[in-house]
Every structure is written in C-alpha cells, then in structure tokens.
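To begin, one chain is listed below as structure tokens, in the form predicted on its own.
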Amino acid sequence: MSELPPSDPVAQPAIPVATLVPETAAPAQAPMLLEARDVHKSYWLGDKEIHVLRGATFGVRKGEMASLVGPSGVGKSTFLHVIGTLDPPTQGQVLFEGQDTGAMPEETLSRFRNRQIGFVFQFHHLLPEFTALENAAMPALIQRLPVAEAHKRAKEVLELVGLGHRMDHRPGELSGGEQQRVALARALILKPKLLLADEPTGNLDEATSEGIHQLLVQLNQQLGIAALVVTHNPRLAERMPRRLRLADGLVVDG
C-alpha cells in the first residue's frame, strides 16, 4: 500500500483538456440553468407530517457558483436531493433549462440526471475493489460508452483534478483528499452543466479541505460548470460569488 501524505493540499492541475471546456457567458448575463419554484418537501413520521421545505424558490444561472449554509437539520441535504432530482418535491416544480423535471418519465429522468448533474457527497462512495480510473469511469460506463472512451475520459478528468499519477491506485491506497478528488472526477466525467456538492470537505482535515476548496473554485472558473456547494465551512461559503442560506424551509440570498 502506498504511503499516505499527512495532508493533501491540492495540486494546481493544468487545464489543457479542450474537450472539457465549454464556452460560457458570464454568470450575470447567462441564461437560467436550474429553477426551483415554490418547492415543498415533507415526510411522515408515524402520523405526524414533518415539513422540511416550505415553498423554497431558487435559481442558478449557467456558470454560476453559490454556497448554501444553514444550521444542522434545517434541510440543506434534502433541498440538494430535490433540486438534483434524486427525490421528488411534495409540491412545486424543479425546472432545468426550462424543462419540468417532474414531468419526465423515470427512465428519462435517470438518464438526464446521470448526464446533466454531477454529485459530490461528504463521503466519497468509491468502490474499494476498483482503481481510481475505474471509479471515475463508472458514470460513462453506465451511460454505455465504450470502455476505451470511458477510460480516456476518466484519464482526462483525473489529470484535471491533479491525480494523473494515482490512476491505478485503489481507494484504500489514497489519502482522504485524493479519494474526494476521485469522486469529483467521477462527477465531471460526463461534462455536466451543474455540480451539486454536499459537505464535500466535511470529513477532511483543514489543510486538505483548503485544497479541495481551491479546486472547486478553479474548476468552476475554468470549466464554466455551475455549482452549488452545501457547507458548514464559513471560509468556503464566503469564497463563493453568491451566498445562500436555508432557513424556515426557504432559500434566502445573502
């Protein structure tokens, strides 16, 4: 097993990968990418209905980057799951480029989600028996791309996140920050238009977290992918051009 570094300040990867770099307008001028309109979400606990979202309305433009903060238990992860189409709203609409995702058949929605939205969670959810290359290639293989093409794309995104030298290593041979960068590469392999990150540095030490923060901002600036990052880290939240707060089931700017 490879020796793990004590911390993992992210490398500054070169971004020569033309196939990954879209042309994007400045966020202030860009069209709306995703809109949540009057979104409610509730769950039943026995005979009691628990209201988590109470009419949340929110929009993110193409290429925009925003943070979402709020106390533990307020519903930040629930909100991310709803706008990411992992969980349907109890009421309201989630539109992606003007299309109502709630009107999509389940199979269409699954393909859409795999292709258009990249997810990064607090825990990396890598498959331990596969290498970094194989883990990063997984969404492309699910999309039924040829193995050679999936591996080519995986190599590109792993180089993009500074892991070109670790492609053949399994998760157990990687540091926490490296594992999270593999998860980020996996989220980027199909060139999504939106990246949703839920506490992506919650399990990492301060030095490693700072490297991941820098990488998220760099990828947004250089690839033009819109990103919404749920975080408890005030330094990361303040670094975002737009800062949002979830309170009383509503999304508030500023």
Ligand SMILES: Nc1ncnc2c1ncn2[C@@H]1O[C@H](COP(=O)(O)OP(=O)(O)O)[C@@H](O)[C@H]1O
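Model, not experiment: these values are computed from the prediction. For every residue, the number given is its place in the sequence shown, counted from 1.
The following text describes the form predicted together with this ligand, which does not appear among the structures shown.
Of the residues given (Gly75, Gly92, Gly162, Pro171), Gly75 alone sits with a heavy atom within 4.5 Å of this ligand in the model of the complex. Stretch 48-56 is the contacting one of 209-217, 29-37, 189-197, 48-56, since its residues have non-hydrogen atoms within 4.5 Å of this ligand in the model of the complex.
Contact annotation for Pro105: none of its heavy atoms lies within 4.5 Å of this ligand in the model of the complex.
Taking non-hydrogen atoms only, Pro128 never approaches this ligand to within 4.5 angstroms in the model of the complex. Of the heavy atoms in Gly98, none are within 4.5 Å of this ligand in the model of the complex. This ligand is not shown here, and in the model of the complex it never comes within 4.5 Å of any heavy atom of Pro146.
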